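First, one chain by itself: the form predicted alone, in structure tokens.
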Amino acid sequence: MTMDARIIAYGAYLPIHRLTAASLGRKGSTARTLAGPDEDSLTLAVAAARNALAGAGNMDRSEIDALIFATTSAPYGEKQGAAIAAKTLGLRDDVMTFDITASTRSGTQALHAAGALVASGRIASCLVIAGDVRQMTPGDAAELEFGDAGAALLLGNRGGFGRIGVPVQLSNEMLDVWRGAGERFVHGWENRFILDHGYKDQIGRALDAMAKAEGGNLQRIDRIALYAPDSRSLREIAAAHHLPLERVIGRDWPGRIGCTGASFALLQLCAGLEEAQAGERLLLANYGDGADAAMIELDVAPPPPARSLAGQEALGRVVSHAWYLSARQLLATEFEPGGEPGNSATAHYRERDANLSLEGQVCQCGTHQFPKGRICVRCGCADHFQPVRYADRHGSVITYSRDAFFPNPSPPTVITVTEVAGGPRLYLQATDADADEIGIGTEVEFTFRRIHQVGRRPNYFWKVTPVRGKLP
């Protein structure tokens, strides 16, 4: 029995930092989003997923049957990012999890795989999350073309607002853009070869196939999410296939946000859904080791996002070249970072609920505790607790200190004691804020971040950042 795969919720995330042409001493107004020193592809994807779930009214997460994580820059070479994300988001233990990696087309491949699973009746819902932090060689002319971002869509077999059609799928083997195992920087062949024999050829074939399915043209499309490595290529492919440029979502993003890899096409789709109306038809086309394209038909107007892309873009803060080099650890240092053995795997396993889900406990007397323990600090009773997740609440800074020695591209690092609304007090770092933005009484929210890379692996926990209001 087959059924429709429908979009239930959507969300996107742009990191607050921006790298500009001026930052690099170049001419022009080009800018790109830049992940912070405590962010990676997984934290970007989790942030987008939290926005998507918040936009769905913080739906019952026990109803989510599967989670797929898409990226080209997975934090682990051998360890599933989707499993970390599922724990962080508070999903069921028996949720299906898998990663789709190694191609900029991973985001839409994950979306279509999720759609196929849902349509088959094998599962009722699937959360697709994508994030990328791709690194070009410092000083490369294309350094500003990459951007960092996350996107998430929840698919289900009932409810929602839009149906995803059967996609066109093309596979193509060529060395255009690649990164070898163990390498840090992305490589690319001669630009004209990449565009003519890779991007334009493959995405052009996918668009031609969609046009054929549409009766010969793509004029009956209201909005177009079209992956492109740069603005010029986007305009050229749109013109070659008679796509009205004004309908292309984020057509100037390559010069403002950058091409965000596996999350780019899904990010465009999220932006289109923010403004779309009932009855509209959206074309989604992506490229990477081939191409794919699909039609999305909206029978209901999508709900407004929890945090709009326009609002997040408006919060952008330009950083210096020195900040960028320090945040990405592109500067030579006396000691190589991450060389210590790292945290105990046993301790990580034992404390995974607290570290990844920010889970504490509440006693039968109403007292909240974090971290967990057997004895209530107030009534003295033993083992009369229920688990409580604090990650989706707000908090208030009770006190704070400024540490000028802790590694930070722009010290000092602010360390807070934050009281969770209706919960305990937590000792947490602040992030994405200048030191003078954090004070006693500052309202904050919790954000999932990378704490350090000790043991040559990412170690995650939660930080606080000022609540900047519901973004328009």
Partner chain sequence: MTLRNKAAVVGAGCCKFGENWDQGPEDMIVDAVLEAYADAGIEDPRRQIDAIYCGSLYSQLGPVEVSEALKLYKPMTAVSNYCATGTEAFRAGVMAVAAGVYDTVLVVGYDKPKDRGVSGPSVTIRGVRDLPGTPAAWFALCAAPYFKKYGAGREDLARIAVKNHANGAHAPKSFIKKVVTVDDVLKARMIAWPFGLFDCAGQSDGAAAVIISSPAHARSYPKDPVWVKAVASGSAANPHTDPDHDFLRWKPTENAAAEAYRMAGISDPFRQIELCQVHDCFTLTELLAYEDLGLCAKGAAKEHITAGTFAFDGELPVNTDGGLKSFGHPTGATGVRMLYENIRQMRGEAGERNLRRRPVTALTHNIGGFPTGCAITILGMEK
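Not measured: the values here are computed from a predicted model. Numbering follows the first chain given and starts at 1.
There is another form of this protein, the form predicted in complex with the partner chain, and it is not shown here; the text below is about that form.
The partner chain in the predicted complex is not approached by T431, whose heavy atoms all lie more than 4.5 angstroms from it. Shown alone here, T30 lies farther than 4.5 Å from the partner chain in the predicted complex, counting heavy atoms only. Although the partner is absent here, I398 lies within 4.5 Å of the partner chain in the predicted complex, judged by heavy atoms. Using a 4.5 Å cutoff between non-hydrogen atoms, V454 counts as a contact of the partner chain in the predicted complex.
This chain lacks the partner; the member of P387, P138, G279, P371 within 4.5 angstroms of the partner chain in the predicted complex by a non-hydrogen atom is P371. Contact with the partner chain in the predicted complex, defined as a heavy atom within 4.5 Å, holds for exactly one of R378, R158, R232, K212, namely R378. Screening 62-70, 49-57, 33-41, 399-407 for residues having heavy atoms within 4.5 Å of the partner chain in the predicted complex returns a single hit, 399-407.
In the predicted complex, R425, L426, Y427, L428, Q429, I440 are the residues of 423-443 with at least one heavy atom within 4.5 Å of the partner chain, listed from first to last.
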